[in-house]
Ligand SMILES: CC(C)(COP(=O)(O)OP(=O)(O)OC[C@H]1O[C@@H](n2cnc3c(N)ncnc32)[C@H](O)[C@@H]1OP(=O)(O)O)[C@@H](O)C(=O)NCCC(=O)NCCS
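Shown here is one chain on its own, the form predicted on its own, set out as structure tokens.
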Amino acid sequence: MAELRIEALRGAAIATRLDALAALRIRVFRDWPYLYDGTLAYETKYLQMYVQCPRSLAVLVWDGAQCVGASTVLPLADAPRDMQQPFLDAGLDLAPIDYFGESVLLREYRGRGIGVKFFELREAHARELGLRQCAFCAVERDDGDARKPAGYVGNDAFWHKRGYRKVPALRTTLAWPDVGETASSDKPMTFWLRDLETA
């Protein structure tokens, strides 16, 4: 971590790093399990939700002039409806929940504690806003999918270690085109939660 620089941006200031953030998301999410065939136009539009939210936070990691990692968060009450809907359907209050958008990190920078730092900073963001719970969702892929790399190890153990629990009852779908496809298709997403009050 010593040679890396962490930059934290809030709300409208995130607009100054949109290109770097979009390019990194496209590159990292192209790999399993997301297999996302992204475009700069879509990414720029998607990321506006952070730019337009005064309570959002984007954490970027730089190695010199290269953005090698990024993580985003905003209150669930300010997130898109498809993120909110599973909580609304379950009769849960959105107000005390912080929504973790994504954490993306180039493969060669993994294993250095950056992922832990992303969680620490986003949880600190939640506490700063007086929020009591953190949530994120992860894509569900078939274990037998032929595209799954041999020896792939997911993040479930890491998330459990951070105090998060998978909540199968809280599910949504997001649509994007898989690599090699021309049309978007729905992907099931399951939420993970952590109660900060008991953490």
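Keep in mind the model is a prediction, meaning the values are calculated, not measured. Residue positions are given as counts along the sequence shown, with the first one as 1.
The protein also exists as the form predicted in complex with this ligand; that form is not presented, and the subsequent description refers to it.
- Trp159 is the sole member of Tyr42, Trp62, Tyr36, Trp159 with a non-hydrogen atom within 4.5 Å of this ligand in the predicted bound form.
- For the residues Val104, Ala79, Leu92, Ile97, the 4.5 Å heavy atom test against this ligand in the predicted bound form is passed only by Val104.
- Not displayed here, this ligand is kept clear of Ala124 by more than 4.5 Å at the level of heavy atoms in the predicted bound form.
- Not displayed here, this ligand is approached by Val28 to within 4.5 Å at the level of heavy atoms in the predicted bound form.
- In the predicted bound form, at least one heavy atom of Asn155 sits within 4.5 Å of this ligand.
- Not displayed here, this ligand is approached by Val116 to within 4.5 Å at the level of heavy atoms in the predicted bound form.
- The partner is not drawn, yet in the predicted bound form one stretch among 160-168, 140-148, 46-54, 127-135 has residues with heavy atoms inside 4.5 Å of this ligand: 160-168.
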